[in-house]
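Okay, so here's just one chain, in structure tokens, the form predicted on its own.
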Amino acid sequence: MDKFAFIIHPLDVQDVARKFGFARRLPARVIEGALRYLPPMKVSHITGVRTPYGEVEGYFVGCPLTARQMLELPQGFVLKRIIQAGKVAEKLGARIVGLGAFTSVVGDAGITVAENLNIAVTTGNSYTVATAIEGTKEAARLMGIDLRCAHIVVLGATGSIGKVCARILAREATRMTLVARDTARLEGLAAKILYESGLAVTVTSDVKKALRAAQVVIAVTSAVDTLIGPGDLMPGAVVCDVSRPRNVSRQVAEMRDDVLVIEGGVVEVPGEVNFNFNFGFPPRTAYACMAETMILALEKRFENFSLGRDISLEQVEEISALAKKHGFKLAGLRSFERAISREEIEAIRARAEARLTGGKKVFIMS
């Protein structure tokens, strides 16, 4: 049976404490100091990924560095650790390895890692884009938002995921703002979108300003800290948060009952899959980046895929078709680790419409 692997890492020290209870009693700096010296390791054996076209098994391989460490430690050190995790995958017999969370962000988005391994590598970003777009469109529809008329904001628009999301949405949007720190790269992306779709987009590095009038937001930055708070969104806004760690503060869920925040890139995996590891999802569901690795293994496509900062529209379309073939699909809509029902969304929509059209002031604590 063909095998795949997927590299995971703790997003923060709380994730370490979930695995090792004693870590709850230690300061964060002590835990992160210890993580620097831990080698990558096999975390779990994944079984039961089965479709009418085949079956595969795989492994989670842990790269013990937090998201903050991935960004703040010397890049050469971090890349070496990711490559070591890839070597663990090789020894386990995997023929393709997926890069999870910040392991797909460091450096050149997987290219250097692939050059130093003897197996195929993917970031999973193509299928992440596909599911983020699908989820955003469904959430907008349920909230009564017509994407052709809405103001769409893409946070992290110059990243590999944000860039493709913006290009795809520009096909039907009439108003779009792209947000990132590097305005020169934003201008380049804006020119590309204008050439491809005829849409003249606005660019800015001011997150708060862009959010104030946004009806639909796709958040895909690599920020370690949250960027979107309860006072940043207008009533009725839809936010698809693809980032891990999250770009949206949990306070938004606690204090704003008139906006809809969904998780991006969560899919159902076909078969009786058992991950043998709790990463906070219901049974038989996974991140889209994990699913892409499984799909390529099922297709026996042991080749590099979704690498670098320029994911093509063709790659997104291809992996979407393969996902459909094997029975992978969007796992409904989820918000802050839980499924959100249509009835809940209808209630959010009703409250938003009342505040937008009823002349009521909306008092938001900031």
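Note that residue numbering begins at 1 and tracks the sequence as displayed. Small disclaimer: the values here were computed from a predicted structure and weren't measured.
The same protein has a further form, the form predicted in complex with a small molecule, not shown here; the description that follows concerns it.
Contact with the small molecule in the predicted complex, judged by any heavy atom within 4.5 Å, is made by just one of I96, V220, V217, A85: V220. Checked against the small molecule in the predicted complex, the residues M143, A180, V201, A120 give one hit for a heavy atom within 4.5 Å, which is A180. Across the proposed site, I161, L227 and R244 without exception bring a heavy atom within 4.5 Å of the small molecule in the predicted complex. Residues placing heavy atoms within 4.5 Å of the small molecule in the predicted complex fall in a single listed stretch, namely 285-293, out of 269-277, 193-201, 285-293, 110-118. At a distance threshold of 4.5 angstroms between non-hydrogen atoms, G156 is in contact with the small molecule in the predicted complex. Contact annotation for K137: none of its heavy atoms lies within 4.5 Å of the small molecule in the predicted complex. In the predicted complex, the small molecule stays beyond 4.5 Å of every heavy atom belonging to H151.
Of the heavy atoms in R175, none are within 4.5 Å of the small molecule in the predicted complex.
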